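Subsequent text provides structure tokens for two forms of one protein chain, presented individually as structure 1 and structure 2.
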Structure 1
């Protein structure tokens, strides 16, 4: 009786490496598409598209190691992207003397210390069962204390934040190089990912999806309503670049330099992930994904390894969100949408192939090109049909631009349907090699 997992495919360990025909053909077709966009839309527009596609590639790499390496479905990519963008804004925006030159920083720090002390106190009460207190009584005391302390601290915080808004507008930034915000954004996203994963990774996978979806909306709501911290719907701009901006070098050259910086970041991430994938750690992660019972029987700490991979993916999402936010030179909490920053990344991973880093890069660039170019192509077709229909006396709608914008959703929906039907493992599926 064969008890091997269905994904186990014995192969001869002496087999020679095949020539990557599929990879060469697909990337050649992608290069032709990119050159076509440059020819049609111009260098400035096309270079901007490639920079944004590169930023999305970082997000997609974060998702593919969660979903592809470990089988974890993260439905809250948007939240981690927003955290990265927030940190990029907070660390790079110039210092606001109207805030830091007053007593307001001290007042805000005092309230934050009270909040930290309240958290420590609630955690301490939640551990009283270790000293003989009944668990029911401990739970009731912890919940009641948490509610009371929350109301007290939030009341104090509202007083301080109202003063900040009325006197300084918002706290401003730290005036540091943007890349410091990228690093902190990745760390913050990883910390939030640790909190979510520590609670939910021991449960069924659908609980993780629900938790990440809810946390993403909470993060967005907090950033949107914290005018004292993010200016809320008023947005913060411009965000400085770590490279010379368009005012110094022009749009095309400045974006090309930013694209080069982003390409270096992707190359480093790709190299590290490739080494990790083929290392014993990567094989252990895939063993847990393919057969959790067998991995546990071999003494592997399942939850710890799952938490590691989930936090790592969140760090990449926070980093990508920071790079993207800096490039857009704008922080707008309302601009983070599940369609653009979760679903689109998911489609990129599905198209390229979950678990295949090279496929993920291909899927990120290909899907983003399709996403961006769907609108002008749809508008061109609609205008062509409208011009032909005028001769026939047709009554054509006047809002063709808004209708063309919605065509992107239709095209992406058709794309994912076709891929799932004819290539359910992606155009460049994960190459699983086992030895029998």
Structure 2
């Protein structure tokens, strides 16, 4: 054995290598399911499903490192996904000359500069106590100034943005390749994550859940109502793809190429995570997760590590949101729903195995297949019942589709509680004690 695998050295002496029966069986079943979908629904539909599942896998990897690696619960995945989608849109959509060709960009820039100046001014005033000003006076002054300047700037911003909206529709995009938007989307999501994490990570974990839930709704409200920036409910489409689109190659082939692109992204993430996980950094993270008390003995670094993890997870969510948004070729702020973009991802992670990347990948694809197939299935069943009922002289409710949607909400909720209760570590559990 040894001379056939000369390069093999055990990463961790306490890990006993075993044949991964569970993994093989589960992934084989998954493969069968995918093939089944291909057989029934056709190649174009099934490939689309796989691409979406792959995008969700990126989101799920983001959540699994937050929840599984570090025990931080992010209840606002949707917000980070929406940010990613927004950046993908903003960077890739063609340049809008009706906006850039006028004085409006300058106006907008001026207002933003005023805003920056106002912030600097307020911060300056809030430091005045260092020059001998009484603290109370300083606070009153800073708050009053902040209020007044805020009103001034926001009024100017409202003026400019309504001007943009009426004259140019919206600011349009930058006409850059989509991947620039994905990267910026990840960075922006990471930035928001840093802000939230910085505030909440030293506190009870519940507060992080509350704050992320809130920021997600705020991001959505902002994207939905900033018509000058996102066209709001009017939606933006199409978003250009980085790969040849369906018009050039047909649905199946173009989607297959996009799928390979996402597969490469996932592989890279997977590899980097694996490396990090087995590096000293990863060991420390796991030590924190498994025993916060003894890890706390390592000093104040613990919050810094947790912040790193949280930001990293948010970056992945932003990135995944960008890839997903570009693939949908549509930016619709109203399409971001807690159910589809937060709780679905949560189910993927807790069902697959929090903290276990392979399990998360499995969970993402498996749950997404169930999720997608449940729609036609539920509708089919409902229609069947309806037609049977009609035969028996029954009157079925009319809005079957919206009711089917609510039934899904119910099912996802049930799944979450059942998994927490009966399989709290998922189908592919992470080996908690492997690092001794």
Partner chain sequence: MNELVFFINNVLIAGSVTGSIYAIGAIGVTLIFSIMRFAHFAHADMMTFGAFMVLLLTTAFPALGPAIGVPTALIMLPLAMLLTALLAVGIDKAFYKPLRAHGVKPIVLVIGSLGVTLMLQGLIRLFAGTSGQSLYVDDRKEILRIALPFEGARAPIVVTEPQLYLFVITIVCVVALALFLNRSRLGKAMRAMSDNPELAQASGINTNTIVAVTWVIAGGLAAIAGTLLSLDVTFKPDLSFFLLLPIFAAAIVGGVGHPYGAIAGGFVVGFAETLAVFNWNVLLRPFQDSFPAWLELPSNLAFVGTEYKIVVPFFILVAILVWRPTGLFKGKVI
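Positions refer to the first chain, counted from 1. Just so you know, these numbers come straight off a predicted model, no measurement behind them. Just so we're on the same page, rigid core means the largest C-alpha set that superposes within 1.5 Å between forms.
Here the chain appears twice, and structure 1 is the form predicted alone. After superposition on the rigid core, the Cα atom of residue 139 is displaced by 2 Å or more between structures 1 and 2.
Relative to the superposed core, residue 384 shifts its CA atom by 2 Å or more between structures 1 and 2. For residue 409, the Cα coordinates differ by 2 angstroms or more between structures 1 and 2 after the core has been superposed. Relative displacement of the residue 422 Cα between structures 1 and 2 on rigid core alignment is 3.7 Å.
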